[in-house]
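Given as structure tokens, the chain that follows is alone and in the form predicted alone.
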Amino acid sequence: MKLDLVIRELHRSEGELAHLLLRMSERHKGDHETYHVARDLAGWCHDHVRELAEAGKEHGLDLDPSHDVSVAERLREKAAERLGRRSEPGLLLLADLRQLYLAASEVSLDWEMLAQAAQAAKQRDLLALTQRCHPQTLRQLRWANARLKESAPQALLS
């Protein structure tokens, strides 16, 4: 069985999604809904990372339960922000929401693959994990999509 490959990838992609959500909340502190909801949604990702690390043990994996972003990556991101593009807040929010939607879609696909494989392999604990976590990922997707629909007209027509 190759369930370890999916668990490892899902662990990585959930960590990346958490990072994107936290970065978005920091960039848009003035937008209270974005700030608070993004932080709450990142908390779900952290929970998923912890649960995947635990599930990975049964498949020979030693995954970091915190999946913290490295200091070097944070410094690189800060430098890029200071040197990089300075766009309007509305356009920056759209770009962040688009990136978030795509990342959450990737995570959702990984959950779906893991659920199908767990069901076929009769791995009840793993299937239960997917049934707990995947609906939250779908909710993250719906939130990003709704915020995109709400923000796009104003940002693109102003």
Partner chain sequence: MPYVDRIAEPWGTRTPYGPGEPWPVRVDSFLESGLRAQDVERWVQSATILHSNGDGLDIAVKDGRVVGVRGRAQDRVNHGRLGPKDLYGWQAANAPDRLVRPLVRENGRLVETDWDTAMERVAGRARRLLDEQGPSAIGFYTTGQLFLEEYYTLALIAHGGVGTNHLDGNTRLCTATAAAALKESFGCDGQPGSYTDVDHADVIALYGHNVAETQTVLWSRILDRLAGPNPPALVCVDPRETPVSRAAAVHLANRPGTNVALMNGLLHEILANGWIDERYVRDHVVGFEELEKRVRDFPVEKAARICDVPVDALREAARLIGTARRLLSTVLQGFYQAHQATAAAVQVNNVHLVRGMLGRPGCGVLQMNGQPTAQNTRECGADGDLPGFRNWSNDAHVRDLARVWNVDPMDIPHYAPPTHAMQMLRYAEEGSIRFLYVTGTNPAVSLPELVRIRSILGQERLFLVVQDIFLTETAQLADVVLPAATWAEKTGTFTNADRTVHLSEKAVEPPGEARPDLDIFLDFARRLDLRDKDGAPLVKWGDAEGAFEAWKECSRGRPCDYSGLSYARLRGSGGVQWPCDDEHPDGTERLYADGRFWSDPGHCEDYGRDLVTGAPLSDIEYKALNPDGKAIIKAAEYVPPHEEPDGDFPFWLTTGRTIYHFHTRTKTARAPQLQRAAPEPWVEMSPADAARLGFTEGDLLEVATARGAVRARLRVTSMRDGVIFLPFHYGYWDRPDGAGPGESPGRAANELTITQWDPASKQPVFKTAAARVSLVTASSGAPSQAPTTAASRPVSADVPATAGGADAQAEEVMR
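Numbering follows the first chain given and starts at 1. Keep in mind the model is a prediction, meaning the values are calculated, not measured.
Note that the form predicted together with its partner chain isn't included here; everything after this is about it.
Only one of 41, 49, 97, 107 comes within 4.5 Å of its partner chain in the predicted complex through a heavy atom, and that residue is 41. Contact with its partner chain, judged by heavy atoms within 4.5 Å in the predicted complex, is confined among 99 to 107, 112 to 120, 23 to 31, 55 to 63 to 23 to 31. Although the partner is absent from this view, residue 139 contacts its partner chain in the predicted complex, with a non-hydrogen atom inside 4.5 angstroms.
Remark: residue 124 does not count among the residues lining its partner chain in the predicted complex, judged by a heavy atom distance of 4.5 Å or less. Although the partner is absent here, residue 157 lies within 4.5 Å of its partner chain in the predicted complex, judged by heavy atoms.
Although the partner is absent here, residue 9 lies well away from its partner chain in the predicted complex, with no heavy atom inside 4.5 Å. Residues are counted as partner-facing when one of their heavy atoms sits within 4.5 Å of its partner chain in the predicted complex; in 121 to 150 these are 136, 139, 142, 143, 146, 147, 149, 150, in sequence order.
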